[in-house]
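Okay, so we've got the same protein chain twice, two forms, each given alone as structure tokens, structure 1 and structure 2.
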Structure 1
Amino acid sequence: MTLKSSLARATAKSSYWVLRHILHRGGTSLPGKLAVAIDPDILKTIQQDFDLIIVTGTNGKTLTTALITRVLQAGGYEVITNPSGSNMIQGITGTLVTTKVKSSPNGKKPLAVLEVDEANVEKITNAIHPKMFVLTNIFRDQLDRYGEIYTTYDKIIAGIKNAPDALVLANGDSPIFTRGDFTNTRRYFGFNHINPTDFKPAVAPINTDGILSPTDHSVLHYDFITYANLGKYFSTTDQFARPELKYQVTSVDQLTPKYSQFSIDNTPLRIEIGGLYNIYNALTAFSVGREFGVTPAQIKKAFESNAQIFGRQEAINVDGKDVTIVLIKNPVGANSVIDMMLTETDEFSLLALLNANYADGIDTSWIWDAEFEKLHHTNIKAVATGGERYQDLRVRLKMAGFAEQAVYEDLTKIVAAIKALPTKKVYIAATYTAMLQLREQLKAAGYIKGGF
């Protein structure tokens, strides 16, 4: 290590310490900025200390990164990872330069597992050549900011091309990941839980994107769809089909809003969170673990002993009401949440909160691709809407057939709103800044502790 890089690292660490222990702020962006200012090559210098795994995609990367981390730790690796949300270049640099790398208990090289924002993959790989890219999915996500799904994928590809020796481990159920002119070795994971005699040929619903074959641009057909445009797809006009899967979900045994039971490569597993999309997150972590030699038994244990990491789907108690808070930010995410509610067997109420600030996505039109109509097939007893864009949601749900709604323009009344709902179980689906405001209210009323 050069003097310059040592100085950069020391400065970053001390600023991180000051931020955390004196100013009581968590961020790693400022330490990252300082380190780069002193030594622009700091990332290149420190990369000898670990092997890097980049996790990217639009939905689920935070949870997936956390799961991968636990799985690799269970396999005896020392793992560095970035805190949730700090997935841009500065935050990542900050994480890497302020974390002390210890040696792995299993004697292998330590690993850095980083959640990287799609648009930042190229920047990171300009400095560090990862061992592996993990591609979760690419769904339409806040187009006002980043553009279209193929544009998003192009950004990831630019990063992949920086590291041609890295393995690309991708979701094989997503047709987009068969695209891309990079030469890296690719391996795929996906779902194979349905017996061929039970296949129900289908095309994807109209509210999904990315349904054209890369060969002749014909509309893809599916033997089965798990959700959105994910599933076992094939072309009816040529030989194009889903690639062979190296790791696969071999059964889905039980789906509930609170936990899921399934097996991957015939190992029975359980995670303490509902939603089929979370089984994809678990499958991703399983696949990464297996690539690094972690045994199925160790992975099983990692899933079961880390129930608390499923933080984004948060359960709280409000005067005896069993409240579950879920984040919604794009149509596929919202539909996954609705699918999760379809597995709820008890009576429940839904409180939906919509903001349209920058962090939420300023375009609210995606709520029309969310299939709230499906909620009529559940035990839903009441619907309430709120947030700065309560009008959009109120009309959306009204047109979905929920004529009776309590409407809360002002989130300061949200605790009262929860109490006013008629059922013991309450689901709150909120966009990012609405969730922050909600948490403030719940904190002020003493129902939750701590920040976000």
Structure 2
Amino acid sequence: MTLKSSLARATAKSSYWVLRHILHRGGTSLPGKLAVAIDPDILKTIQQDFDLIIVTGTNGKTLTTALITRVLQAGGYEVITNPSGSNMIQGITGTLVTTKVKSSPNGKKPLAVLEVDEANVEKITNAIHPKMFVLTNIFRDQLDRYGEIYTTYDKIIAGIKNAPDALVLANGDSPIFTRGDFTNTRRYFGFNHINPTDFKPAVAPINTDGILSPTDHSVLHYDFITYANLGKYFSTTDQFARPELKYQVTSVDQLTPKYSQFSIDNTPLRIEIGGLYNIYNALTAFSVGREFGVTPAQIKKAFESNAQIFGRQEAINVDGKDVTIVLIKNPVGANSVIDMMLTETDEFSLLALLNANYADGIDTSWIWDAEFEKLHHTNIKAVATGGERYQDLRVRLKMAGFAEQAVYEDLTKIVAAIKALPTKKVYIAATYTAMLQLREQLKAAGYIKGGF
């Protein structure tokens, strides 16, 4: 290690210590920025310390990364990860230079399991060649940053091409992941939970992205759809169809807002988080674990851990109110959360918070593609809106039939807003920076602890 890289590491670690222990703040972006400023090649210097697994895609990266980490730890690996979701180049650099690397208990090389922003995959692989790319899904998201879904995927492919020996483990239910001229070995996971005799071929709902065949751009048909553009697809114009799956959900047994029961490769499993979309996250983690030799029994034990994930269906008690925080940032994500609320049997209230900062995406037009009208089929009793762009969200929910809304533009009053809602159960659906502001208020009021 050069003097410059040693200084970069020492500076990053010192700044991280000050942030955590003096200022009581999380985050690795500042330490990463300082490290890169001192040694622009710091990532190349430290890459021999671990094998890298990159987790990228639109939705579910943070939870998937957390589940993968638990699974690999259960399999005896030492794992470095970025639990706060700081997934751009500075945050990732900060994570890697401030974390002490230990040897894995199983004698194998430690693993860095890192959530990576789609537009930052190429930047990371310019410095470090990963052992595996994990691709979750590609949905329309933050058009101001990414453009349309094929543009987003091209950014990921550019990063994959930097590491031709890395395995690409991808969601086979997403047609877009069959595209690309990269030479890496690909393996797929997906859902096979419906008996072929129950197939009902159809096309995806109107306004669904990513449903074109890569061979002739015809509209794909489906034997079944799980949600959005995901499912068992096929072309009616040629022989193109969903690729063979190596890992698959073989049954979906029970869906509730608090947990999901299902089987993967006929192994019964349960995760302590609701929503069909989160079974995909579990499937992804299962697939990664099996590729690294983790047994189904070890994976089952890892899933049984009920530790919560930062900002992802966190359950918090606020003076007797059962509050669940869910992150929304695009139409598919919002619709998945709404579908999860459809499984709620108790009365509940919804507090929806919309910001439009850089980390959220400054274009809020996506809220018009979210199917808030479905909430009329739930036990919802009250709706409140807030955040920096509360007016946009208030109008959207009014058009969805929720004219009566309490409005909280000032998020410093959010704790009082929770207490004012009429039901014991409260769901808070928030964009990323609104979620951070919300957590700051809950922390200041003593309802949650700091950190990640």
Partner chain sequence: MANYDISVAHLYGNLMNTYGDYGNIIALTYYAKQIGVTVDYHLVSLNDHFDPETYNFVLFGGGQDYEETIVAHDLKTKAEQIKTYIENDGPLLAVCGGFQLLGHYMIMADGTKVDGIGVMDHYTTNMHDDKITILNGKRLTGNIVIKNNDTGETYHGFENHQGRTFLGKSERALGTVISGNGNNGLDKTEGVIYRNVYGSYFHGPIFTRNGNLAKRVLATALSKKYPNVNWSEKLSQIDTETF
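Residue indices: 1-based, along structure 1. As the structure is a prediction and not an experimental result, all values here were calculated from the model. C-alpha atoms forming the largest set that superposes within 1.5 Å between two forms make up the rigid core.
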Q: Look at both copies of the chain and name the one that is the form predicted in complex with its partner chain.
A: 1
Q) Comparing between structures 1 and 2 on the rigid core, is the C-alpha shift at residue 322 2 Å or larger? A) yes
Q: Answer yes if the CA of residue 361 moves 2 Å or more between structures 1 and 2 after aligning the rigid core, and no otherwise.
A: yes
Q) Is residue 266 one of the residues whose Cα moves 2 Å or more between structures 1 and 2, with the core superposed? A) no
Q: Could you check how much the CA of residue 402 shifts between structures 1 and 2 after a rigid core fit, in angstrom?
A: 4.5
Q | Core-referenced Cα shift (Å), residue 346, between structures 1 and 2 | A | 2.9
